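Shown next as structure tokens: one chain only, the form predicted alone.
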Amino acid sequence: MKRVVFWFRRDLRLSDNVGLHEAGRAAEAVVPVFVFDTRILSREDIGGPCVAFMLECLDSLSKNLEAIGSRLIFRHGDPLVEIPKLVRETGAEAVFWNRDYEPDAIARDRAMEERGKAQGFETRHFKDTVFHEAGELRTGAGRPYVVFTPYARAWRGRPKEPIRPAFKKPCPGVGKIASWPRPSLQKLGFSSRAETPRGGEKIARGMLRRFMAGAVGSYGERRDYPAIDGTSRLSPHLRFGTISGRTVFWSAEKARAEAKPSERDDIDTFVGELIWREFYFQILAEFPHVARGAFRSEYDALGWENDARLFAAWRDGRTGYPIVDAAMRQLNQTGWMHNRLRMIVAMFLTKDLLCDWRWGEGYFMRALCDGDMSANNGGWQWSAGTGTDAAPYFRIFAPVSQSQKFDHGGDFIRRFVPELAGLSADEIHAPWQTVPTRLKSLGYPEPIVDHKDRRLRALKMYKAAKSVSAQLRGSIPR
């Protein structure tokens, strides 16, 4: 095979890239292309921080390709039009890519295969984003896993693929191929006030090295404390594939082999987060209805109050609950949020403010630089109690207790809610109780709801939905 087009999507790297590696093995020359897919960019769940991070990753990928004598070709429009057009322009015989697992991506890939058959070019796609795809891990009854713990046990018990060599093949003549100029964020129709983290393969690998040399050994103990730099922060890089899950996993395995016995459980806990990522990928692929509604259909009947005023206060970090507000301001300012905080604010929105989890899911996708449909959906449904392997509906985080436990000294709150910076550790978690007369002068709001009252209303709402579902099941003839 003389020439192959390699279609980059969520795999913006040269190292350990399965599809790119296979393209290099199969062809004398590989034409790298990235298509700014107008259908994706027009979706309501795509936001500026995510696109801004992606653009930085694309800049890094472009430089890395130029360094090996190649070039990243940019196209803009419908990939089903732009990719076949590039095949004709370059005389390529095939298009290679790595698989994605969102419903729209699966449909798009099938359509590309049909285009290839109709227009006479070969299509090949590869497993790269995960170790184990949907269908590869099954229960004893042959069904998909819907509970994490047995899925994780099966995942850990299967052999793991090795890391592939970095792609280094030049592409003679690639400079003559027409390419759309790399667009700005504004040119694509987006804006972002968030100071998103730096992107690119080199950045990701440096972050991984530092994490494995330090924080991974205490990950299980420190990961829940947002004021501490105790997590890898690799989620945006895994989202856009500037580093592969395989590279992260095998780095963790190496660290575990060299670790003290007291650190091995912490490293296992970190690997568990990689497993959660794959668990949610297979849930989305096996049960695509979760992209639209509850995994547990009885909870589609929940009587959400959906107060737009309360939602706006949550979105803007003005709820009067400092830990919630600090978390939302971190999201809005940086495009990222600590995982413990994601659970706290999701439970607060759904079980204190009684807003539909899909409101929060959509806002997160627009505000996060690591917005990933499967993980975001899975996390929101877990917190709302509507999903597979979810927190029970009666598990409701008390925001003050969560704040006192995981930000005991108030350091994280002070960082993102500066109007409370002068309060002591005893005062900062519930200032309406500890310093009620100072709230107005501090410029900080009183709580927009009473947690105890809203907790009871939430329990009533969930019980009512379960009752309706039971009645409907009882009325169906058998």
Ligand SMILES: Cc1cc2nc3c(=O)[nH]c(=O)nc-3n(C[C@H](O)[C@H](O)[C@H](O)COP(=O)(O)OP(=O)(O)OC[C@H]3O[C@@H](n4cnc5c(N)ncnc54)[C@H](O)[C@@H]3O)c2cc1C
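Not measured: the values here are computed from a predicted model. Numbering starts at 1 and runs along the sequence shown.
Below: the form predicted together with the ligand, not depicted.
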message: Please determine whether residue 155 contacts the ligand in the predicted bound form, using a 4.5 Å cut-off between heavy atoms.
response: no
query: Given that the partner is absent here, does residue 219 sit within 4.5 Å of the ligand in the predicted bound form, heavy atoms only?
result: yes
- request: Could you confirm whether residue 82 comes within 4.5 Å of the ligand in the predicted bound form, counting heavy atoms only?
  value: no
message: So, residue 336 and the ligand: in the predicted bound form, are they within 4.5 Å at any heavy atom pair?
response: yes
query: Should the three residues 40, 75 and 185 be counted as contacting the ligand in the predicted bound form, with contact defined as a heavy atom within 4.5 Å for each?
result: no
- request: Would you kindly say which of 404, 235, 123, 251 lies with a heavy atom within 4.5 Å of the ligand in the predicted bound form?
  value: 235
- request: Sort through 106, 354, 343, 166 and report the residue having a heavy atom within 4.5 Å of the ligand in the predicted bound form.
  value: 343
- request: Spot the stretch among 300-308, 364-372, 85-93, 139-147 with residues whose non-hydrogen atoms come within 4.5 Å of the ligand in the predicted bound form.
  value: 364-372
Any residue of 263-277 that, in the predicted bound form, places a heavy atom within 4.5 Å of the ligand: 270, 273, 274, 276, 277
